[in-house]
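Shown here is one chain on its own, the form predicted alone, set out as structure tokens.
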Amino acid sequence: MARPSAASLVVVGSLNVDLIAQVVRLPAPGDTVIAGQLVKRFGGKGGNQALAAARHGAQVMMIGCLGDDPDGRDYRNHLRREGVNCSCINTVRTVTGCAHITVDAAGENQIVVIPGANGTLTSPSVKMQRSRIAVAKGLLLQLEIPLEAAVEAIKIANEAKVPVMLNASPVQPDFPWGDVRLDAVIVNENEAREIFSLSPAAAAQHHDAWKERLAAKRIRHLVITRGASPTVLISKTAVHEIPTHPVQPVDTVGAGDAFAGAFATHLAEGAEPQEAVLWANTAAALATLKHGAQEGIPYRGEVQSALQQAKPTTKGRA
């Protein structure tokens, strides 16, 4: 079990049920193929990150929407069993968000997402949870929900001086960068290039350019994940490279969400960003050792044991 944590986190985000079909080859337009297996799993970046934070010991309250269907009831019960507070999850008269995923023998996939209940999360519904957000140690959110709802949650946190951790995925071109204050933004390499128009490669040599971008977008810390390569942490004072934890991955789906949940938990506890990234790197690596977005997300004790065995170091340049 996860070690108790002082961090109370509010997670605002998506809740999906994934239907995964295993096929020999992906269908061409107008084609029909036979699936050897169909697996149903719980997913959505919001649900994944809430579960990751809860397994890491945080007291997690989830804000989101589920449908009034069996999938919605099952997902709510699943999160409750994981220790996530579901009192702020709305049940709406529509289907629960769903992703139809087809995966071939080489691991290539095709994905069709039906937002369903996720699309009904509005700014007014988030405002109703103002008191819950205002007393949290941190707000964690992603961009798989309507942008107005995400921005409203951030504004509430800003007013209450609650640290905001945004996993800016998927990238939203209309996000109001600079209008809100963000304590930490988590992106992968491709997202970093798209948002900042800079390459994460050799970030230390181009620190001044990155500092300007962060200041313009009112970002305190930028975290760029790079798969097995060291994670880059950029602030106005330095660029740090934090090594990842070496593993032989089985399934990388959900690793980024395991990272975000662990990172947010430690930052909300008051850890330095470098330490939070170190824990998050290890949590993400361990999450790749099992199939499924949520099945492999590790508990805090597992991450702590792996860290003690590895004893990695960080490199920094001012």
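Whichever C-alpha set is largest while still superposing within 1.5 Å between the two forms counts as the rigid core. Because the structure is a prediction, the values reported are computed rather than measured. The numbering used is simple: start at 1 and walk along the sequence shown.
Note that the form predicted together with a small molecule isn't included here; everything after this is about it.
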| query | finding |
| --- | --- |
| Contact of Glu302 with the small molecule in the predicted bound form (heavy atom, 4.5 Å) | no |
| Distance check, Ala293 to the small molecule in the predicted bound form, heavy atom within 4.5 Å | yes |
| Contact of Glu144 with the small molecule in the predicted bound form (heavy atom, 4.5 Å) | yes |
| Partner proximity in the predicted bound form: Ile101 to the small molecule, non-hydrogen atom cutoff 4.5 Å | yes |
| Single option in Met128, Ala134, Ile111, Ala202 placed near the small molecule in the predicted bound form, where near means a heavy atom within 4.5 Å | Ile111 |
| Position in contact with the small molecule when the complex is considered in the predicted bound form, options Val253, Leu267, Ala54, Cys65, heavy atoms within 4.5 Å | Val253 |
| The small molecule in the predicted bound form: contacting segment from 43 to 51, 271 to 279, 22 to 30, 66 to 74, heavy atom within 4.5 Å | 43 to 51 |
| Core-superposed C-alpha of Val151 shifting 2 Å or more between this form and the one not shown | no |
| Rigid-core frame, C-alpha of Val113, shift of 2 angstroms or more between this form and the one not shown | yes |
